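This document starts with two versions of one protein chain, written out as structure tokens and named structure 1 and structure 2.
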Structure 1
């Protein structure tokens, strides 16, 4: 369902162009859990951002369900992000003014879901990630692990086909990290989502079904 073809990305910031990606290709199927690992600065996050449509590739193509996202305009890409992709980041990235449930309902409401059913669905997901008792707390009133679980709930709100996670355990203690990784691997195993995890944490990598190693913007032969 995800097909990355010869992806290249060059940043032109300052005098010297930075070749963050120099031709990366891989595929990812529903229910599959793929980990992307590699040293710092190797281009892992760049891959994720390009797939999420947060940035434009310099060359190459990205197909989701057979459709190229590279040619979409900003509004179409934004809608795609809302409905088909769930993001989970190291820094949770929750909206600070909103409560847990409001953070989760936001993508639903943006997509036109009625307030009542959006609330219902958000409550359901938050309960599933074990936050039924924290619905009306703001991010600042939650622990790191709880915040990350809210972020997972938000990523799942629209029932996306693809989950993109960038160092989701990077800011968490071991216990919360384990909890979060359990949840993410369950998404692939039990709910048939395609999961792409970027990390250099060996413990997180161990949850993945398959691992590719990026070095200097290229997939290292296994």
Structure 2
């Protein structure tokens, strides 16, 4: 489902090249939960940005459902993100003036779904993540764990094939973090999603079915 092939990314600080990734390859299948771990500056976030189509690799390729995203233009990448990739961020990225249901409905409306259908879909997903009683609460009225569950519901709104999670427990206490990781694990196990988690948290890593370690822009040998 996700095929990362010899991915390389080089930045420049003035005339000095910085090799963030130096040839990373891995595959991720539907229903599989993969964690990418490594120290700060190892290239973890760069991998996530490239797979999400937010940046271009210097070399290599990224295929989602057999289609290279490297060759897509900006409009095609935007459509890919809206229809095939769900994002879960450390800082939730919820719109503060919108309620839980409005935050989940928004990507559906942007994708052309009718209001009634979008509301029905958002309500269904929020109920699945245990927030059926919080539909009309704004982010400031929700706990950190509840906000992250809204973010998970939003990521599932258009039924993506791939979920990208970037340090999803970084702003949560232990109890809330455990609940969120159990929910993310269920995305692969119960929903059949391909889940890619980027984290340095050993507790979060323990939920993954497979782990790769990135060190100095390379996959560390097992």
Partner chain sequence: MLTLLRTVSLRRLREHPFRTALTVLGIGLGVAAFISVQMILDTMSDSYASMVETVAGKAQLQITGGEAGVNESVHTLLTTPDENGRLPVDGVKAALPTIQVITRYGEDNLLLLAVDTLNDATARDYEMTGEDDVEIDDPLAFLNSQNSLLLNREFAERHGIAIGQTIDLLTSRGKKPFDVKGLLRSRGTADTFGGNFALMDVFAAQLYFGRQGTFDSIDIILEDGASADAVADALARRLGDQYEVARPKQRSESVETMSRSFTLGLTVLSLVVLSMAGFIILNAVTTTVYQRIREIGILRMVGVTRARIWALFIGESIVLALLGSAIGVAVGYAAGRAAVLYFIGQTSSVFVPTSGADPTFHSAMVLRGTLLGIGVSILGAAWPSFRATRITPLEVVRFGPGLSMGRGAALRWWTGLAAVSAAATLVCLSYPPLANDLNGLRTAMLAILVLSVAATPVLMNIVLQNLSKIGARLRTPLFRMSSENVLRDLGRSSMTVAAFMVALAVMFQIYIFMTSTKEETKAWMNNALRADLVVTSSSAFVTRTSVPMEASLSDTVSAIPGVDVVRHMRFRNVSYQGSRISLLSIDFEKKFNPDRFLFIRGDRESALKAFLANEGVFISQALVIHHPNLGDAASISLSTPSGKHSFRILGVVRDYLSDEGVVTFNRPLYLEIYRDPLVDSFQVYLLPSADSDDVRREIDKGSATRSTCSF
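Residue numbers count along the first chain shown, from 1. The structure presented is a predicted model; accordingly, all values stated were derived computationally and were not measured. In this text, the rigid core denotes the largest set of C-alpha atoms whose superposition between the two forms falls within 1.5 Å.
The chain as displayed in structure 1 is taken from the form predicted in complex with its partner chain. Annotation for residue 202: C-alpha shift under 2 angstroms between the two structures, rigid core superposed. When the rigid core is fitted, residue 14 shows a C-alpha shift of 3.9 Å between the two structures.
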